[in-house]
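This document contains two forms of one protein chain, each encoded as structure tokens and listed individually as structure 1 and structure 2.
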Structure 1
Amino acid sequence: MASQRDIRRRIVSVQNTRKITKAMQMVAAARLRRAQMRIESTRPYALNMLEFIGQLARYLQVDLSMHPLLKPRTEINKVAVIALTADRGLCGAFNSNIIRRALDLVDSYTAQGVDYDLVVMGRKGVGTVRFLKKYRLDKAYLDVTERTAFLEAQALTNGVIRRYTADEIDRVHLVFNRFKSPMEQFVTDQVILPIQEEIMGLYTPTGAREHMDFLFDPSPEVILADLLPSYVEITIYRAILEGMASEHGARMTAMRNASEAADEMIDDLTLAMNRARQWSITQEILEVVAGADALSG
């Protein structure tokens, strides 16, 4: 049986671990709140952007679904898969869920004879891909913060749009964790090129031309051609922010579980220690009684 001192030492060690997990839980909760607010803050930009695009499409009488960036391609020879993971761990299965989903996607395309470009954000995802040695990593982005997230989104967009318009790739997938609630983990695979649904819903040519006497600088065509990539940028930016919020949510949950496990362990150890203490007291009494018996006998 472990001595009282050994058990006491273990209790103190678990208590210290619990202090750390508890602190990490609080930090994650605070970061989560800020990340949620940041997602909310992207709304004015995104909504205005959609309105700009819709207005221009109506003005130009163009069916957006026929635009090169929106028109689905019939033949797929190569795809790009972008996976958004985190730089840090200690957040449960968060990173492995995302990277597994992305690699499954790559595998299924490979099985169909379709080539791939793999782009990964976050140290954890990059680490897994390098460890597996089975996949070609095309590009990686590390140390992304909320502050630089839009820059990163623009760089990602620039890379895929350049290759997409040059017909080097025919489809782009974005795999990330959509933020629904702090408790829910929800890995999504979204096709971002060709541009999907939302914009298509904005305008269907009905023949009714919106009357607008706008001046354009330089020309409406040039502006529209520039707005569509910006739409992809804001889509990726939002996905990065949602991923960050989900990461904090996942870490909060993981750390709460860890703290609860520590509580349980402390309870068990305390019980064991009390048993050990009682056992030693009983032992001492027995010895005293035995000694007294021997004297009087």
Structure 2
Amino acid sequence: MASQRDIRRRIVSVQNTRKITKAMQMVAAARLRRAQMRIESTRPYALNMLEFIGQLARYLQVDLSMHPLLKPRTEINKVAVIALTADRGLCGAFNSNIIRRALDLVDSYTAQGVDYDLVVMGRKGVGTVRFLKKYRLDKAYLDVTERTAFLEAQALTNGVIRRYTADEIDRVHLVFNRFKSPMEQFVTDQVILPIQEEIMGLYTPTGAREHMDFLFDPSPEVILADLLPSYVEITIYRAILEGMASEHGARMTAMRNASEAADEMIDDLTLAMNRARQWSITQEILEVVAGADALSG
């Protein structure tokens, strides 16, 4: 049985750890609120842009094959997989779930004989890929903050659009954690290029007039060509914001669970210390009784 001093030291150590986890929980909660506000302001813009592009493409009878970002490839020879992880840990399975989905996607394409480019954002994902040494890391983005997120989204967009239009890659996957609540984040695999299915699918309104009574200057084709790269850009930017909010939510949940586990451990250690104290007192009483018996005999 451990001594009372050892148990007391463990209790103090766990209490100090609980202070840290509770502080980290509060910091994550504060950052989560700011991240949620950014998501709430970004989502309507992205959805409205997608809806407008869908209307423009469908009801003005724009030839989708005229723009390379809308035209799907008949043969897939090379894909780009973009994984959005975090720079820090202590957020449960947040990073491991994303990088696992991305690497599973790479393995699936490799088994089909399709080449890949792997782009990873975040130190945790980059470190995992480099540690495994099995996968080829094409590009890494580190130290992305909320202030630099849009600039990084622009850099990612410019790179994938340039390579896609030059026929260097035939499909682009974006793997990130979609934020639903602090307790729920879902790993999402979204094909962002080509984007024809999205435009002609979910966000195309029904019951609208067959022809729209608008005059366009410049032509609808030119407007569409300007909007499509902007849509890809806002999609990546929104995914980065979703990932940041999911990271804060996952960290807040993980730190709350750690604090609760520390409380349980402190209770168990306190019970063990009380038992050790009781055993020590009982032992002293037995020694006193044994000494008294020896003197009386």
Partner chain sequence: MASEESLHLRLELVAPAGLVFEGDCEMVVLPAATGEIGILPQHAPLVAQLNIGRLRALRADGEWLTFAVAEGFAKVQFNKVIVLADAAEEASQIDIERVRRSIERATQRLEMYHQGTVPEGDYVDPYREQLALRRARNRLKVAGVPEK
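Only the largest set of C-alpha atoms that superpose within 1.5 Å between the two forms is called the rigid core. The model shown is predicted, which means the values in this text are computed figures rather than measured ones. Residue positions are counted from 1 along structure 1's sequence.
> Just checking, which of these two is the form predicted in complex with the partner chain?
Only structure 1 fits here, because that chain is the form predicted in complex with the partner chain.
> Any CA movement of 2 Å or more for I161 between structures 1 and 2, core superposed?
No, the C-alpha position differs by under 2 Å between structures 1 and 2.
> Answer yes if the CA of V222 moves 2 Å or more between structures 1 and 2 after aligning the rigid core, and no otherwise.
Superposed on the core, V222 moves its C-alpha 2 Å or more between structures 1 and 2.
> Given a superposition on the rigid core, I'd like a yes or no on whether V289 shifts its C-alpha by 2 Å or more between structures 1 and 2.
Yes: V289 shifts by at least 2 Å between structures 1 and 2.
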